[in-house]
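Taking the form predicted alone, here's one chain by itself in structure tokens.
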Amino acid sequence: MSLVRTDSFKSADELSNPVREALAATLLSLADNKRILGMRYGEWILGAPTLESGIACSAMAQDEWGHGRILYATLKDFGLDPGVLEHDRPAEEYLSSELLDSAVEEWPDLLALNLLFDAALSVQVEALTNSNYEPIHFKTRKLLEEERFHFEHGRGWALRLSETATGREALEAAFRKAMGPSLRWFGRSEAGFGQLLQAAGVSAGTADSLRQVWLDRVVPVLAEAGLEELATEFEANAELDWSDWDADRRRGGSGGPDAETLARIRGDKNRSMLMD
């Protein structure tokens, strides 16, 4: 991913209003998705098919929760209160994918989040690594360092499940469900925020170019797992359904995290003991 270098920006106040709003929304979307993805990983610490994978889920959960905290903290520079963002928003204000709205019931569905959606978030973070917005340089690099084994965990399990017909069938069904939301998460081709951030030197890619980076990363794993037909569909990337797309929230549908998810990520039950 190439980045057009222009003047550097040391604070959000130095950004133009459109770029400032686009970057704030991108960072908030990353933070919300990572926070809830971490919870989804955490829910499988005791339910993973092997002890080693339970430990991996624990590590990935901690990574994502930490990344969420880092990203929420960056939004203070944009005039947003990290405490409010983490604890005081209703479901409809979360900029999180529909893939994360409710608990993941089956292991192949968690692998779809692990290999497909987690990778989409990482591609977006990578696009910010050499950003002209200087306050996120170190933060994005730290995030990517800690993400290094997430993709390999998903890849390893995809190959393992694909060794049997039953596992391959379950994996294909889970990946097919996650394919559209993962591809759409980068936004529509004509969406302005990607071009806006790239033109300002803040991000290294538009919606389409980041989507292609993601495809180049994911498709070889699908082929390696014997899912050639699905890999071809991924590469074609021609018939995405945008009918229910909410561009402001980067998600399909008007919902959000379900009530149980929202209460848990906000810490409602135990935070009540901290209140007067």
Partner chain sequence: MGHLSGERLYEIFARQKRADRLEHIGTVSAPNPELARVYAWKTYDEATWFEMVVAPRDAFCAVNRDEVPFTLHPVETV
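None of these values were measured; they are calculated from a predicted model. Numbering follows the first chain given and starts at 1.
Beyond the structure shown, there is the form predicted together with its partner chain, which is absent from this document and is the topic of what follows.
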{"item": "Heavy atom distance at most 4.5 Å to its partner chain in the model of the complex, all of Pro49, Ile55 and Arg160", "value": "yes"}
{"item": "Candidate from Asp81, Glu92, Glu152, Asp88 lying within 4.5 Å of its partner chain in the model of the complex - any heavy atom", "value": "Glu152"}
{"item": "Residue (of Leu240, Ala59, Ala247, Val219) lying close to its partner chain in the model of the complex, criterion heavy atoms within 4.5 Å", "value": "Ala59"}
{"item": "Stretch in contact, per heavy atom within 4.5 angstroms of its partner chain in the model of the complex, of 117-125, 200-208, 144-152, 93-101", "value": "144-152"}
{"item": "Distance check, Gly156 to its partner chain in the model of the complex, heavy atom within 4.5 Å", "value": "yes"}
